[in-house]
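Single chain ahead, by itself, as structure tokens, in the form predicted alone.
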Amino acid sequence: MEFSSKLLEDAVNEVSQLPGIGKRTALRLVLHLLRQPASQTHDLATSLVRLKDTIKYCKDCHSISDAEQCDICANPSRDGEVICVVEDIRDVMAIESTAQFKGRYHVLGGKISPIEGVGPQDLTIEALIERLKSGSIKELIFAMSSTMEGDTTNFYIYRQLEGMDIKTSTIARGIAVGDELEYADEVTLGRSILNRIPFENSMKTQ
């Protein structure tokens, strides 16, 4: 792809590094921004810089937050005895959209994947175990995607709970094997949360 401007080429190269964005799509987006009022492009750039420089992670659940503690963890009406373990904030948003879950979350920041070089030490698993050691948690819900990596992550955490009096469950398989939670419709995901099953039973069906 030949460019008539080095500035244009640099912008396209940067945008094309985003997931799912090729060079042609990046060019279309950059040209679109050029046609917009300068204030709109500046606002976009400013919001991205502010996001990167000032975003925080909740001290309790490790979800993305504007403050030291996220709104969900700070909400006294949420059930602090139930924790739902998810991969990232997209899963929190997906489950929250169902309005069926009233507990709290723990965001792992990924899932165990030896192929991609991601091990337990790269996730917030240790912080989760520390939360569970407090003795105030009664149930842990595994809500990872139904993939090999998700199942591996669930099982690893489950093994760390030996000796703890904590009920473990997993969302019902209304979510097809291999599907990501963020793409599930709200009704299906909501039913999967409400109809969760003991984690031990899920291992017997695999």
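What you are looking at is a predicted structure, and each value in this text was computed from that prediction instead of being measured. So that there is no doubt, residue numbering starts at 1 and follows the sequence shown.
Not pictured, yet referred to below: the form predicted together with another copy of the chain.
Proximity to another copy of the chain in the predicted complex, defined as a heavy atom within 4.5 Å, singles out one entry of L123, L128, I89, V82, which is I89. Using a 4.5 angstroms threshold between heavy atoms, D43 counts as touching another copy of the chain in the predicted complex. Contact check for I137: no non-hydrogen atom falls within 4.5 Å of another copy of the chain in the predicted complex. Taking non-hydrogen atoms only, I64 approaches another copy of the chain to within 4.5 angstroms in the predicted complex. Using a 4.5 angstroms limit between non-hydrogen atoms, D165 is distant from another copy of the chain in the predicted complex.
Annotation for 91-118: the only interface residue with another copy of the chain in the predicted complex is M93 [heavy atom within 4.5 Å].
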